[in-house]
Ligand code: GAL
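Below, in structure tokens: the form predicted alone, a single chain.
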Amino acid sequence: MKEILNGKELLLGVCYYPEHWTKDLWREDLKRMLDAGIEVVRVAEFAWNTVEVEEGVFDYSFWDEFLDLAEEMGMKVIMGTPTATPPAWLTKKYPEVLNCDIDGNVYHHGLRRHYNYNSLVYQKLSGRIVEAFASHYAERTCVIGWQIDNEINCETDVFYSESDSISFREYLMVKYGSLDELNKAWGTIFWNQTFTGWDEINVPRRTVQDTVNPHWQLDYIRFISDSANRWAKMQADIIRKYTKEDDFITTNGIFGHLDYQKMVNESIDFITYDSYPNFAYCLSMYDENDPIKDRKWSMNLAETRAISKVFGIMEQQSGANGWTSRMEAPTPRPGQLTLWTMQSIAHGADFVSYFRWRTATMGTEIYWHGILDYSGRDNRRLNEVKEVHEKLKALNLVAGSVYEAKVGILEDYDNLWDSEYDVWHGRVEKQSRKALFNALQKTHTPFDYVYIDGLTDASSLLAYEVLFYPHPTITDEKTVELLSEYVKAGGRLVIGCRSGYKDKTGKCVMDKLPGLFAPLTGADIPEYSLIAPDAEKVYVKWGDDEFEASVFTDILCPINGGRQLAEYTSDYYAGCGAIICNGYGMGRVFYYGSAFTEGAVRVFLKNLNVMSPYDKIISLPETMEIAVRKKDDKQYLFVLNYNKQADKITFYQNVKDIYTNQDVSGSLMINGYGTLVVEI
């Protein structure tokens, strides 16, 4: 049985860097961790030089000594592969391993993640160090799992080295087979961009207005994802030759241009997220008018849960943020460390590892504080970790449970990537993403993100009573068939504007819009427009409800049995269709002709009868979050107060407080930054 995510217990861990400290601190540190309830340490993800000091010369004694101590003291260890920071001897001797900016300028040694995945030299040397680590350390009883690299695609998720161009050409040759097919897919006849030789193709470079052929750009992002996934699989395949039966392989963080569904299918057992809600209070990012702030990290945790229903946190905020160059943020206030830990657990984490144990005294991250400050003295944060550990003892019955949601938001990587560089797509996507999250949070309507790919089947979608697919600009027949099966079996699907007008290459289709979605939605779009900047506000009226539209308007007409539910009430399209509903099999499809606002989402939730599913059990202010995890026939409801002020909640039935094992009912106060977990 795996030591973490085993369905039996919730575990605490911490990131530790024994190479940063004198060896006389190790025993003391491990003892203090264990006394605080920390049972796992992650180590070695930046420690290439500790084993291979010079090329081909290996010395395993440093980690042997540390692992001996860990085994003696009963500390479990997650080993990182150290490939995120190639050593100076390597980058000096083999400069071709270095990544470049879009102009081809080389990134030099001095930070991290300055390599490129596609250098054959770097692949060889990385494979060798991973083999060295795994073959020597995997047999150790204290080693329970492996983290591949560190935060893949963090710092940068674009690659412009010569190695990348060479590999990109190979990727395209396999995908298209011929230049004729590539030219057709990329529409290179436009602006005379036609390629006549494979060696004419590079990764995108700087152009006039910094604008690149969008179909080229989309394939380039797909290529980056493919490169990163091949990189992860190379390491995972090596590690698995040596791991014990119950050891796991993971990687940490969620970053751009990376298909994590593919990574889970090919390489890792589950994802571990790095959760830093304190970013909401960074001086450079703080928005006093944003009511969500650190609660926004629940969106990131929902993305994590879309990859792994039950997952771990490899780096959880424990102290102030800060590099010497950016990300200045305050120390978490009393209670926030607990709040953010419970936020992670509420959304599906069964393992939480704090970043970090001791605050670094040297390097770029000297202001990124851990549990302990520079002196290492006992402090408030350490005491709070101990309190968290006591809470987790009572919460072990939650382990292995899964987040409960009847509303899902569909996503796919092609559309997410397309919305990055297509400003028309990106504008509606950004608006709707924020509106959906905020409205669902404020109405206490739990939701999941659901990624659809070639392996998704309709039966998995039927776990959700309602699915929102905000703006599937790119689609294909397989996706439409999948959604049709979901609706036919009784599902309800809500699709937003700008849907179905691109094929998988990113080219616009010549069908009547919404293209392949027309039969499913029962909608026709004879006209569409961005909402003009000088226009009066555009409203939509649906029965007795009226709400504001945003960004874009598809003017809708019902076809093939569709019926108009709502109309625009302003501008030149007043009276024109804004929502078309189509019965399809046992279910219904709603095509909404605009980007979502919070008001629009609330009306959809209300009219589809999925808003606030726990309102007969609990009432609470919008400033608090609820989440429910379910295991067998038991449900565990988390209440999270993100405000510094205490506030009142009310239970309408008897529930059991998991922290105290006492029955509670009626009204009670939740402290500022307070949490509560009850069995309902």
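For every residue, the number given is its place in the sequence shown, counted from 1. Every value quoted in this text rests on a predicted model; they were computed, and no experiment measured them.
The same protein has a further form, the form predicted together with the named molecule, not shown here; the description that follows concerns it.
When contacts are judged by a 4.5 Å heavy atom cut-off, N252 counts as touching the named molecule in the model of the complex. Contact annotation: D511 falls outside 4.5 Å of the named molecule in the model of the complex, judged by heavy atom distances. Though the partner is left out of this view, T553 does not reach within 4.5 Å of the named molecule in the model of the complex, counting heavy atoms only.
Mapping the unseen interface onto this chain, K309 falls outside it, with no heavy atom inside 4.5 Å of the named molecule in the model of the complex. This chain lacks the partner; the member of Y176, W89, W424, W323 within 4.5 angstroms of the named molecule in the model of the complex by a non-hydrogen atom is W323. When the named molecule is considered in the model of the complex, only one residue from N150, Q235, T473, Q343 comes within 4.5 Å through any heavy atom, namely N150. In short, of 133-141, 272-280, 456-464, 490-498 it is 272-280 that has heavy atoms within 4.5 Å of the named molecule in the model of the complex. Residue F355 is the only one in 331-356 with at least one heavy atom within 4.5 Å of the named molecule in the model of the complex.
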